[in-house]
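Heads up, the chain below is alone and in the form predicted alone; it's given as C-alpha cells.
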Amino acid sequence: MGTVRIGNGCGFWGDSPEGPYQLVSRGNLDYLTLDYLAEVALSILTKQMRKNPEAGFAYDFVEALDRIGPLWRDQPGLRIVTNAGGVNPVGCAKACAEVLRRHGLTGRKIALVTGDDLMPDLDRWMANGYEFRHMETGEALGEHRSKLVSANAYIGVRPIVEALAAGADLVLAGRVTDPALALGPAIHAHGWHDDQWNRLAGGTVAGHLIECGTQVCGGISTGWLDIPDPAGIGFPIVEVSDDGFAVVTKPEGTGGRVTEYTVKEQLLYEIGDPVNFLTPDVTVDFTSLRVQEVGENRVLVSGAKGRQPGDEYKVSAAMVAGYMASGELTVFGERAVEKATRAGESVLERLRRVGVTFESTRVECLRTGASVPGTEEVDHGVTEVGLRVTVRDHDREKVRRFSRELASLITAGPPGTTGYAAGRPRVRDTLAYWPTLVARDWITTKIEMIEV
C-alpha cells in the first residue's frame, strides 16, 4: 500500500456527532479512528460505572456506529479503531454488537482490547513495595489507596496491531494512548517493525496531529476568526506513507482549513518537551520535523526522528475527593465587580457563622479574567459580571447546606442580581486525579475476538 488514509472523527468525549458521519460519507477512508478519552473523561466514566455497572463507556460511539452503520455496510474495507471502551470495554462491545446485528453487519469482527485496568493487581504490587508516587508532588499512594476507584495505564499500540492482523473490523479499546489509534493502522498497513524508530515516530506524529479532531483544521486556532465556514468545519485525515511521512488534509467541501500554521499549532499542543515526546511505543523528537504546504488543504509533515521508549507506562488514576457544588448568578450595574465579590463572600461568611466551613472554596467574577487569573488586570469598570461560588468538602451535608444558601442573594444581595431561574446548585460527588507510573513489563494486554 502506497499510503494509508486515516481519518479521526472525534477529538474528545462530547465532540460533535457529525464527525464520524462526515468522514465515512465523504472521507474515502481506509481507517476511521475515534478518540473519546481524556483524564476528565475517565473520571466521569468511572463515576457512571460506580452508579451503574453496565455504564462506564462512551455511549456516543454506540450512537455514532448506529448512524454510520448503513454507510459501513457499503464500505466493507473500512476499519474502525477507537478507545470508546473507557473503563468498561466489555459493556461497550456488547452494545456495539447489537447495533451491528441490527444493521445486518453480521460477520464483522470486534476485537476487544483489555489490560489497561490496574485495579485487580494494585494491592499485590503495593504489598511488594511499589509506591505509585504522584508524578507532580512525589507523594506515595499509601493511605490514599482506599479512596482509589480506578487506575488505567496508557498502553501502547501493539494490541491494536495484533487485532488488525487477526482480521478485526472494529478494534475497541480502553485507555490506549491517543496517537496509537492512528499509529496502529499505519504499522499494520506498512508492516513496520518495532525498532523502526523513525517510521514509528512519523506515525505517532500523524496520530498526534489528528487526535484532537478539528483542531488541526482550524479549530481553536489563533486565526479562528478567519477560517471559512466554522459551522461546517472538516474533521482531519492523514495520508501516511511507508517512510512515515504524512499529508494532513480534510474532506473536500468542508469548512475550516488545513495550513502550515494550523498544523504547527496542533504539533505544539500538549507535547511537553519537544525533544522527548514520550509514548509507550517510541520517544519522538519534534524538533526534526519539516512542515510544508503541498496543495490546498494539504500539508506534508516529514522528518520525524524516534528512539526507543522508556520502561514505564503513564497511569491515569482517580480517587474519591468528596462533594462539590457550584452556583452562578449575574450581577449588573455600577461597581458590579465589588458587589459580586462581596455577595459571594457574604454567603460563605453566613455559613461560617453557623459552623459550616469547607475544605476549599472559590469566589469568581467571570468576565474579569477570573478563568485565567493573573494574565490581565481586573476591569472594575465593567457593569455586568457572572458571580460563581464553588465549595468542596467530604461532608455532603455541608455542601448541600451551601446549595440552599446561595439563592438568598436574590433578596439579600446587591441590586441587579439576576439569573436564578436554573434553581439551586446541584450537589455532586467529585473525583481527584492521581497521575503516576507503572513498570511496562507488569502490564499484560489481552485481545478477545467477537464475531457479530
Partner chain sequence: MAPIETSYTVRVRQLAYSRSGDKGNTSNIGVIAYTAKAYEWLKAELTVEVVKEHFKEVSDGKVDRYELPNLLALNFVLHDVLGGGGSRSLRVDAQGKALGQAMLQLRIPAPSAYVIEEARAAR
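Everything numeric here is computed off the predicted structure, so don't read it as measured data. By rigid core we mean the largest C-alpha set that fits within 1.5 Å across both forms. Residue numbers count along the first chain shown, from 1.
Beyond the structure shown, there is the form predicted together with its partner chain, which is absent from this document and is the topic of what follows.
Undergrad: Please tell me whether any heavy atom belonging to Ser288 falls inside 4.5 Å of a heavy atom of its partner chain, as the geometry stands in the model of the complex.
TA: The answer is yes: Ser288 has a heavy atom within 4.5 Å of its partner chain.
Undergrad: Might Thr361 be said to contact its partner chain in the model of the complex, defining contact as any heavy atom within 4.5 Å?
TA: Judged by the heavy-atom cut-off of 4.5 Å, Thr361 is in contact with its partner chain in the model of the complex.
Undergrad: Is there a heavy atom of Ala127 no more than 4.5 Å from a heavy atom of its partner chain in the model of the complex?
TA: It does not: once its partner chain is placed as it appears in the model of the complex, Ala127 has no heavy atom within 4.5 Å of it.
Undergrad: With heavy atoms only and a cut-off of 4.5 Å, decide whether Val354 touches its partner chain in the model of the complex.
TA: Contact with its partner chain, no.
Undergrad: When its partner chain is placed as it is in the model of the complex, are Glu136, Lys314 and Thr390 each within 4.5 Å of it, taking any non-hydrogen atom of the residue?
TA: Each of the three qualifies.
Undergrad: Taking 4.5 Å between heavy atoms as the contact cutoff, choose which of Gln266, Thr249, Ser150, Thr177 touches its partner chain in the model of the complex.
TA: Result of the distance check: Gln266.
Undergrad: Within 4.5 Å, heavy atoms only, which of Ala321, Leu105, Ala97, Ala140 is in contact with its partner chain in the model of the complex?
TA: Residue within 4.5 Å of the partner: Ala321.
Undergrad: Want to guess which of 196-204, 267-275, 332-340, 167-175 is within 4.5 Å of its partner chain in the model of the complex, heavy atoms only?
TA: Checking each option against the 4.5 Å cut-off leaves 267-275.
Undergrad: Superposed on the rigid core, does the Cα of Val62 end up 2 angstroms or more away between this form and the one not shown?
TA: No, shifts by less than 2 Å.
Undergrad: Given a superposition on the rigid core, I'd like a yes or no on whether Ala38 shifts its C-alpha by 2 Å or more between this form and the one not shown.
TA: No, the C-alpha moves less than 2 Å.
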